[in-house]
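One chain comes next, on its own, written as structure tokens: the form predicted alone.
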């Protein structure tokens, strides 16, 4: 399986977060409790592997529904733990619970920028990765491409990489489109789509116009091209299922879609689709396992995090969801799956860093104007 090319300047190593400044924040977070399965232990109290007496329950919040459904049964049977999962559609659903004082959630599959916020606000348990056997399974390059540390302490374990490519109908196109400009080409009028998402669509427009999608310098140009594009579109899609269905039903021939949904459309639904990273670049991020403070079963959650990072269990994530796990699963892949994930080394992949408040606000303003135009 291909891994990221360290030589690409746009693949940024994530910098450690600045320390949460206020001691009061730490104290307040401490009041959230630490759980411990009734014995008060927290993950950093575990000094030898495997941990003893992990408890009998685990409450996950994992949005990889198909994988989570499999994991609930597999982990539960292996460790005699009753496992539940709460899927979610937006990270603010679980984040608001952490802000309010979590007393229910044990394990979250969280996107990088929300992990950064959670670390900054001291919502997460530090993890003893040095004694977790499966930590070594995480590839070094994926560790470099994720945010999970502060001041040398580790607060998350990478779960997967999430690529936001250009998806296209490979029967309609003779070869993969080389530019996001295909979404502005009048030749494809009525057969292309965009994601109804301010950040994603504005970042695509930024890349199309040669700007930095993290720190653009010409917001007016981004708004202008998105308005120009509007009459060419068949639709903006609002949720992942809708986006995938547009390609499965061959209602569109090109547009943004996640790698995972493209995989499901191709291999699960038989759609003639593939994906590419245009020469201007494609965004990517990572999802990570975290154990929030207030977890009632933090030791079971720690055991689960290690278990999920074992190669065969990580491979199941790819098989069920199509997202590239943070673990090298090349020995577990079929020939066609290996071909699907064999990204060219020269792809220009841009890490989806947390946007500044100013950029996020300007993107929201642009999107409101575009939708109203």
Partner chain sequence: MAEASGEGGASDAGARAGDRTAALTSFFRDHPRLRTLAVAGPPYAVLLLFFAIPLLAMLVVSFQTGEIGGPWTLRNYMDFLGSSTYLTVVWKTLVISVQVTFIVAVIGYALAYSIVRFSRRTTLLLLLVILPFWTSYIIRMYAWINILQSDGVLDSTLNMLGLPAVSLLYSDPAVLIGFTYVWLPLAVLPFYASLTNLDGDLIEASKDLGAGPVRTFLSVTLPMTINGVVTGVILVFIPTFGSFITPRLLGGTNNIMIGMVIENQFKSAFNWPFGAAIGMVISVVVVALLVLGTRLGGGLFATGGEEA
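Positions refer to the first chain, counted from 1. Keep in mind it's a predicted model, so treat the numbers as computed, not measured.
There is another form of this protein, the form predicted together with its partner chain, and it is not shown here; the text below is about that form.
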- Item | Contact assignment for its partner chain in the predicted bound form, among 94, 164, 114, 208, heavy atom within 4.5 Å | 114
- Message: Using a 4.5 Å heavy atom cut-off, which residue among 105, 72, 132, 246 comes into contact with its partner chain in the predicted bound form?
- Response: 246
- Message: Using a 4.5 Å heavy atom cut-off, which of 268-276, 213-221, 174-182, 86-94 contacts its partner chain in the predicted bound form?
- Response: 86-94
- Using a 4.5 Å heavy atom cut-off, state whether residue 242 contacts its partner chain in the predicted bound form. yes
- its partner chain contact in the predicted bound form: residue 99, any heavy atom under 4.5 Å: yes
- Query: According to a 4.5 angstroms non-hydrogen atom cut-off, is residue 228 in contact with its partner chain in the predicted bound form?
  - Reply: no
- Residue contact check: residue 196 to its partner chain in the predicted bound form, 4.5 Å heavy atom: yes
- Of the residues spanning 341-373, the ones with some heavy atom within 4.5 Å of its partner chain in the predicted bound form are 360, 364, 365, 368, 369, 371, 372, 373
